[in-house]
Ligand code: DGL
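Just the one chain here, the form predicted alone, laid out as structure tokens.
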Amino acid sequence: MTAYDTLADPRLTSAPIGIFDSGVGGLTVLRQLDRQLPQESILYFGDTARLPYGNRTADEILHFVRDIIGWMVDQGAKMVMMACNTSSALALEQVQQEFEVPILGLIWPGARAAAQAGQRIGVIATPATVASDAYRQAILEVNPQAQVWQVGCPAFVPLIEQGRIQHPETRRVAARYLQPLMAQGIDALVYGCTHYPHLEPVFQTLLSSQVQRVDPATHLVAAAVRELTLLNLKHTGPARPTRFYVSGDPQGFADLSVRWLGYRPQVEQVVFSAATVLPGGS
């Protein structure tokens, strides 16, 4: 029996959509889900005990993703959305073969949008996503004439997770990361990490208004709409309140997420085995 056969059962339409990220970055995807699919119930997981993902190996990322998707399947998720570019770049194809539930990633939706937005395209992402070359390859597959430059931005996720978006250091770091892309005369910039839209106020002060900024989260959710429609899994009744879980400190996540959610969520902890923590993680 295929995933499509399993999930065609209309009784599953009310099941939640699972979203996961290493931390608060996935809230940008949640925000888009609230706009485009307000009737869907959401299960959100932030792997804050193992943050940041961008400095992890491919084997570590795959291990983490298997943990999370397995847990989401146990929770009854009808679809899983990787609200994490690093996971999408390094683990998506493998876990799509291992799990029956539909699993969507950010790279292809973001790459297609970027190829439509410009010809000289900059990508800012975690070091692991840049090293995978996933965005460049996907963009060039859509438009072989495009030119793509990528910059790894390891400091962004820790700064955002520490709530330091308005700190002068954050603007200095952003200026340093963007400088080589601006020097190439980019006309489009891809936010290759779901954390980065949180820095939009900073980017607005540094980039020309002529540079089209591409948030793959918007296009990932549009892909989810199409997939749910195809599988006859769209929910038409009222949504249940979003359930939030983290692998690290629930209160820390709740405190940080208030500014983007507009309310303080109730957050529970899920502990996976071997939840190793990198120095500087939260």
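Start at 1 with the first residue shown and count on from there. As the structure is a computational prediction, the values presented were derived from the model and not from experiment.
There is also a form predicted in complex with this ligand; it is not shown, and the following applies to it.
- For residue 157, a non-hydrogen atom is located within 4.5 Å of this ligand in the predicted bound form, even though that partner is not displayed.
- Taking non-hydrogen atoms only, residue 52 approaches this ligand to within 4.5 angstroms in the predicted bound form.
- Within 4.5 Å of any heavy atom of this ligand in the predicted bound form lies no heavy atom of residue 78.
- Using a 4.5 Å cutoff between non-hydrogen atoms, residue 190 does not count as a contact of this ligand in the predicted bound form.
- Stretch-level contact analysis of 207-215, 113-121, 190-198, 173-181 against this ligand in the predicted bound form, using heavy atoms and a 4.5 Å limit, identifies 190-198.
- Scanning 159-173 for heavy atoms within 4.5 Å of this ligand in the predicted bound form gives no residues at all.
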